[in-house]
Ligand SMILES: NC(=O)CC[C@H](N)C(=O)O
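A single chain, nothing else alongside it, follows as structure tokens in the form predicted alone.
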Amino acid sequence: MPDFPTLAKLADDLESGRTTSRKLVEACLARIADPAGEGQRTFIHVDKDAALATADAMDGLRKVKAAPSRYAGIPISIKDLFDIRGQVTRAGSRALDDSAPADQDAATVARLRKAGFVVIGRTNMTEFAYSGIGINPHYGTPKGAWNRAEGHVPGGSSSGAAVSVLDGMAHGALGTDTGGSCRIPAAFNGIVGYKPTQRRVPLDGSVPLSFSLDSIGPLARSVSCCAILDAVLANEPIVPLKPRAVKGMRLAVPTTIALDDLDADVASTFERALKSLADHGAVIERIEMAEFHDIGPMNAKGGFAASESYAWHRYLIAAKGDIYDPRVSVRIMRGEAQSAADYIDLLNERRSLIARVNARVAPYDALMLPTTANTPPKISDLADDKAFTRENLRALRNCTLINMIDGCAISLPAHREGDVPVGLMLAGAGGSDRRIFELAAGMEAVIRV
């Protein structure tokens, strides 16, 4: 795959006049339109005319030193889960085709526009964000980075978001993460994906999966790229990211659940990354996380995702259930059997879980674990529902642990060039976002040695 530039490099090129927003947008549009590429499956809608007009406007503002930010004019993609003024938000489904166009941008889209980013289009996704695999029977499934001739899954649910960045159809992407939907596609495509502390980024204007667990985050080419986009999304100042020295990092590897049933390539890549960090002076301790055993029973009836999605979908699914992907609707309908008492129990159990895990991880700078237990499966191997369910659960498992503890986490590519993509996840308690970025920036190159 081509080596596309980071946001910082693009900003430098725009500032120096080596490129223009118009040129960047035209190049992205050409890649999207390339019949030999994945553009037709990656995007549900392309904002060609609006993107070109916005690019011209940003170029004009830059000429008179009035660009709204250093990153003004850089094209990004928006997951089809978010409202964009004047467009129908379909959430990767056909069931919302007849919905009214949005009358305003989602809060996060508005923040990106305010910083001058150019919306290139809406990316494909798992229908209603309900899978970590990325298959969509309505709009097609974009092929992920690994072994494209065979066709491996892109990861979900922010499938098109990841592929848009991977293939240079956008230079950053807006995604969501309820149980790994930014981190899984990042891991499967060898890019970086970030799940923030949920409360930092508003959910307004996005179709919910689980309002208790949904988080909004970026997918991009580097830790610093994600940090820039995260700051914009959280309405915080964009400040230079100072990488932490690897020497002296205190990192905990949870041996409970997180290391179970790993594909051989995941296990070997993860262990190599740990060794490299230790060789550079990181202090790594393998610890039991007994609290993780509680999460499976909490989700036995479908958990927050089933109960909260059912509350949102119950009338739509009654009217248009035949339009839904059956693999999605069956998971939503699990929420119908949950009682109010079940839901209240979930809330109480999660509060206890968060408190106990926060106490457990307090002595460490971060947790470190494989992003997914599996490498990207072949699309053709998942035609069987049992195979799909097995690989979907393996993709979601480790990421879900972090959503359930209200944490923040980043997935970094840990594989070597030419090897199957494997992600390494660095995670912390809620509110430790800046520390996670600094740690990730420090180890970004080291873990691939």
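These figures come from a predicted structure and were not determined experimentally. Start at 1 with the first residue shown and count on from there.
This protein has a second form, the form predicted in complex with the named molecule, left out of what is shown; the following refers to that one.
Note on the partner interface in the predicted bound form: the residue among 280, 272, 138, 331 having a heavy atom within 4.5 angstroms of the named molecule is 331. This chain lacks the partner; the member of 77, 371, 178, 309 within 4.5 angstroms of the named molecule in the predicted bound form by a non-hydrogen atom is 178. Judged against the named molecule in the predicted bound form with a 4.5 angstroms heavy atom cut-off, the residues 157, 209 and 396 are in contact without exception. Residues placing heavy atoms within 4.5 Å of the named molecule in the predicted bound form fall in a single listed stretch, namely 123-131, out of 346-354, 199-207, 123-131, 216-224.
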